[in-house]
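One chain is shown next in structure tokens, namely the form predicted on its own.
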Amino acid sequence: MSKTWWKESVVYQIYPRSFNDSNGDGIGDLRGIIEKLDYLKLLGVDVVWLSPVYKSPNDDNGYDISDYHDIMDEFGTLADWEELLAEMHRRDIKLIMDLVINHTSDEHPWFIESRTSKDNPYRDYYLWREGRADREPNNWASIFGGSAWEYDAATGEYYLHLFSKKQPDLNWENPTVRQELYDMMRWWLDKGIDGFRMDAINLISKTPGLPDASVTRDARYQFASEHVFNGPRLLEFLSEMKREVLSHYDVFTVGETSLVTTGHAIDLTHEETGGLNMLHQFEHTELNRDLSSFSPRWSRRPWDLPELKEVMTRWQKDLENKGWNTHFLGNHDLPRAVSNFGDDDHYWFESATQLATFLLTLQGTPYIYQGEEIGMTNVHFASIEDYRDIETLNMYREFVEDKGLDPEAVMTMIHAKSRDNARTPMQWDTGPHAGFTTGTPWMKVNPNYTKINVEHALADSASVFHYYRRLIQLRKANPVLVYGTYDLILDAHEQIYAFTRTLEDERLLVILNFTPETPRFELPEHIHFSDKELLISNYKVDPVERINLLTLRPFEARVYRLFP
């Protein structure tokens, strides 16, 4: 397996609106990020993935772009962005930009032109269709709820939007569209960025003819998964992008790819033939969804550890020597990791550090979402008025007003699954609004900021933050954690997740208790060693303790080096 800098990197995702506000307007900005670069350097991350900062009317918090070549006023100026890039590079931190090219904003000049007439040169930049008998061209549902089609009275046709109606989908079948996007990518790459995270990239190729989706639920509109994900020309489009743009720069790419298999991933990330370097898959984050529910996205079901082990091991082994994994437990679209996978109450520290150990010892490039390194948790706002996410607000209106569900039950779903769980402002200190802003924050701060914040974390050598630091240093010092093979042990154990990482003669053993209980760990007989060295743990451990048979404490994590 070839060695590259992006395989060895640790990536930190910044959601700029919620990271740090430098001017008191309540919205995080680029100069706020510059103020905190030394913090990121201290943490030890190598790369920052910056969620969108382009010009946008902010219908979907920047994922609706009206100008790819400029910066949103709320975030600053292009000069501020150039200073941010220079200051990051001065600290040996690389920058990858969020690339949103499945759709634009309806306020983008292309779409403004496109909707003026059917014969406008920009008409074919988007997917316009006539309706059928006074209704939409097909039965596709938007990911954000309702129809994926919006009627436009000016020309009497509908346009496709898989997300918000203010996010019309681009027509990737049009080669001029593709060249426009490639020119834009070169513009940013020539400014010196180090790569792209490609938003919803496996949606860019749709089934020709845009046929109806299969009816899988009792609703007027159906999710058209079979027609919009991993479409027939996806690999062709990405290969063209790589050939014409990406192969000319020393950068890396990561694709956001829902509903992919390991087979898709190998095709997409194969070292020689793949269009991308790595991708984000979401199978592990969706284990607690009830697929039989009328709304799987917002449902919850108990999941067990063998399910997680099966998913993670399949991805580890199927991609071994063929593609490249990424690992993440949270991002701007997901609940907080410690609330979703751990125990954010009785065993907050233990589960936050155990999950950190899990994240940073698997094979693949790890991604830390802002605040994860201090153990930030989900938020339980009492009122829907305190939420800002368009998906959450649409869901509440649909479930309460249209379906007549109990508002308290709907709020319980939101507390568990809303994207705003990850978007509450970063908790820097115990001051007003957690030190995020001197003004009124765009969204309320999680009330637990007086206990969970950077100020406390930096001052406590035994904090979640400093545990992350040590893990990152451990990964950098041990190539086995990057390039070593992964092998699961105790595959059927319902409480313990344990595996080895092996590179030539070096072997590490990772032991993780995923429960608040105290299970017994028994080392399989086929794993032989003459001596051991404890590399990291989230509890105090007697260095002479035998590891062949031991009792683990709640959410305990240990990593050992085994000597032949």
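Bear in mind that the values here come from a model prediction, so they are computed numbers and not experimental data. When you see a residue number, it is the position in the sequence shown, counting from 1.
This protein has a second form, the form predicted together with ligand GLC, left out of what is shown; the following refers to that one.
Here the chain stands alone, but in the predicted complex its contact with ligand GLC, taken as any heavy atom within 4.5 Å, falls in 96-104 among 373-381, 96-104, 459-467, 117-125. For the residues Lys166, Arg178, His332, Lys417, the 4.5 Å heavy atom test against ligand GLC in the predicted complex is passed only by His332. When ligand GLC is considered in the predicted complex, only one residue from His264, His327, Lys206, Arg423 comes within 4.5 Å through any heavy atom, namely Arg423. In the predicted complex, ligand GLC stays beyond 4.5 Å of every heavy atom belonging to Asp194.
Although the partner is absent here, Trp442 sits far enough away that none of its heavy atoms falls within 4.5 Å of ligand GLC in the predicted complex.
None of the heavy atoms of Ile71 is located within 4.5 Å of ligand GLC in the predicted complex.
Of the heavy atoms in Tyr449, none are within 4.5 Å of ligand GLC in the predicted complex. Contact annotation for 56-83: residues with any non-hydrogen atom within 4.5 angstroms of ligand GLC in the predicted complex are Asp60, Tyr63, listed in sequence order.
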